[in-house]
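The chain below stands alone and is given as structure tokens, in the form predicted on its own.
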């Protein structure tokens, strides 16, 4: 089974209506992805960390899930500052570090980490089945919901089929190497995996028809939004709107902030 270590809990976010969390995750992701100003991105990262804290997620389990993203970001930091054209801020022999390259690498890093942390806090704190049922109640197309739920249910089954094929190859003394026999064996393995997956899909389809499946999954759980959900939605909307306004008109936001705090004497 797919591990869902964050789905169980009793934090504020765990008790929220999943539909509100899905909408908040979508709005947050779009807002951060379309932002470019560093103050905005830093604020987004702080908000993501606050959501992680609100979900009471242990950092020793959250940080390992950033490894893949951080490895990709490290590669960007090794390439972008030296290859992106712009104003030179430092030199290392024939290589020049550009200010624009550093800025772009910083933007991508802040966006990636902030969005990933927010999605962990908002979506990983519910089971995949609950996510699918919430999407179904939000009138998201049924085919997309079915695809998510069926993929979650059978992806580990396909992984078990792969392990069977791999063990069969190892029992026959297969040793991978850089030769034509290895490439042919891997091609056969992948081909048989697709054949078995297609056969499994046909059997599942027949089983669902035998059980009178009418194109809709039913659940006994009913989601309800109350004062807590409305408060969370209002706070998120206010923060994301502020980020969007600052992104589009930073001078106006700075002027309003100055007026609110009073002019310096």
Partner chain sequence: MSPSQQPPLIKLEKICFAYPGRPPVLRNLDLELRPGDKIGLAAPNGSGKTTLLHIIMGLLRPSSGRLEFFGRPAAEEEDFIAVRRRVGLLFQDADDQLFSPTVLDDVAFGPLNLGKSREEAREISLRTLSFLGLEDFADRVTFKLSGGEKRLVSLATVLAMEPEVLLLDEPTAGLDQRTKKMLIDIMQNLSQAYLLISHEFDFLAATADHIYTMEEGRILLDDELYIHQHQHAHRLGKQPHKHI
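Because the structure is a prediction, the values reported are computed rather than measured. Numbering follows the first chain given and starts at 1.
Omitted from view is the form predicted in complex with the partner chain, to which the following refers.
### Query
Which among 196-204, 27-35, 52-60, 235-243 is in contact with the partner chain in the predicted complex, heavy atoms within 4.5 angstroms?
Heavy-atom contact with the partner occurs in 196-204.
### Task
Taking 4.5 Å between heavy atoms as the contact cutoff, choose which of 157, 89, 169, 104 touches the partner chain in the predicted complex.
In short, 157.
### Residue among 97, 76, 150, 144 with a heavy atom within 4.5 Å of the partner chain in the predicted complex
In short, 150.
### Message
Residue-level contact is defined here as any heavy atom of the residue lying within 4.5 Å of the partner chain in the predicted complex; does residue 133 satisfy this criterion?
### Response
Heavy-atom contact with the partner chain at 4.5 Å: present for residue 133.
### Message
Would you classify residue 208 as touching the partner chain in the predicted complex, given a 4.5 Å non-hydrogen atom cut-off?
### Response
Yes - in the predicted complex, heavy atoms of residue 208 and the partner chain come within 4.5 Å of each other.
#### Entry: the partner chain contact at residue 224 in the predicted complex, heavy atom, 4.5 Å
Answer no; every heavy atom of residue 224 is more than 4.5 Å from the partner chain in the predicted complex.
#### Entry: Any non-hydrogen atom of residue 185 within 4.5 angstroms of the partner chain in the predicted complex
The answer is no: residue 185 has no heavy atom within 4.5 Å of the partner chain.
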